[in-house]
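Here you get one chain, nothing else, as structure tokens; it is the form predicted alone.
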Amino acid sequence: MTKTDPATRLQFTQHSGEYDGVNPAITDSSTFRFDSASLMTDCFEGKLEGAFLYGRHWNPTNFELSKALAAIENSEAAWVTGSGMAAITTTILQLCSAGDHLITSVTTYGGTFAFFKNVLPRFKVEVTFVDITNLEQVKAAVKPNTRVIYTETLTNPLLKVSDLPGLATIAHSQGIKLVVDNTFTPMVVTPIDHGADIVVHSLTKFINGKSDGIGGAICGSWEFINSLSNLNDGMAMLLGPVLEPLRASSIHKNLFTLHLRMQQHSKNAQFIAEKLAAAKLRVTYPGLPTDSQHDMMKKLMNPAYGFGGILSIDTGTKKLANDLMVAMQNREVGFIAVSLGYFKTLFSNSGTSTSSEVPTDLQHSMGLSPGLVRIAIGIDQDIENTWGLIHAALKEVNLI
């Protein structure tokens, strides 16, 4: 696949056929028939290419979505799961065994942190948490048994931008896989173009865009995707985290507006971030030239899609954060809710919500303020009006 625009690659994956609908049919079958017993045997033994065996393995609807996601991420293949956490855990358990070591960012989604901190050690997989933006610290953490460096393109919730080419150089010099969660920045950044081996997503967020379903994705080489669905030792096959075909079909259709939605999310977030910065508030957004992550994001981004749809405000205290969120919700700026990528703006106090799994002392040491409000900006048509509502909320709680 050539390194063209993600939306252009996606355009040429659409299912077509003389008598088919414009949308791929939904396969409402958990199992698939064969014309002979010998063909079933061949399928079980991996000798029958293009055949479907059982819904937990592959099904045609999920295959269509997987092809589209691979196009967006410029990977050879993809596999879809029932949630973003299923994508993460399946990937890591496929790559790591007892006695192995993993390096990851200390600033990461709370569920990911909890899996790495509390679950992997039960399987004798050692985890080292680092400042992922400090390449020297990453290098120093590498051990002979290191198998994976794991990061997020844009870390949750501190919005640090991972130096993907730098991390890839470290990883590949030691035969280590670089796994990148690209949930916050689909189309904005294409990690595989910068050296990532595997990309994971929560489809629940920007990719689906409707906050009406849960899903995940794993994008990588055909070799890795096939290993996931291997009948004997594939984690996707044996743990059973398959995405239900009806939801896969819904996400697949939503995918074809992703480029438009990401452009609007980014445009709106840039506008609001600039207004907040002008008001002398402590705002973090990589699209601001004054932001410490701006230059790195410019190196990685696909410019047509902006700097993404997520920013944060540090109000200083948990009380102020809660007061501000209530004031914004009362003015119909959006909702106090976790998640992101919805057409309405969503906001949450990270330390007590999506990062609550991270111990308070560690939150403090890594710079996560108790007053941090993560704001996932919606696709509002009149963003100037939205700013007026936010401005009024800020005045109400005496932040300006």
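Fair warning: this is a prediction, and the values are worked out from it, not measured in the lab. When you see a residue number, it is the position in the sequence shown, counting from 1.
The same protein has a further form, the form predicted together with ligand PLP, not shown here; the description that follows concerns it.
- Stretch-level contact analysis of 220 to 228, 177 to 185, 70 to 78, 93 to 101 against ligand PLP in the predicted bound form, using heavy atoms and a 4.5 Å limit, identifies 177 to 185.
- Taking a 4.5 Å heavy atom cutoff to ligand PLP in the predicted bound form, the contact residue among L159, V148, M85, I170 is M85.
- Listed residues T315, T133, T204, S266 were compared with ligand PLP in the predicted bound form; T204 is the one with a heavy atom within 4.5 Å.
- Though the partner is left out of this view, I214 does reach within 4.5 Å of ligand PLP in the predicted bound form, counting heavy atoms only.
- A residue is said to contact a partner when one of its heavy atoms sits within 4.5 Å of a partner heavy atom; Y109 meets this definition for ligand PLP in the predicted bound form.
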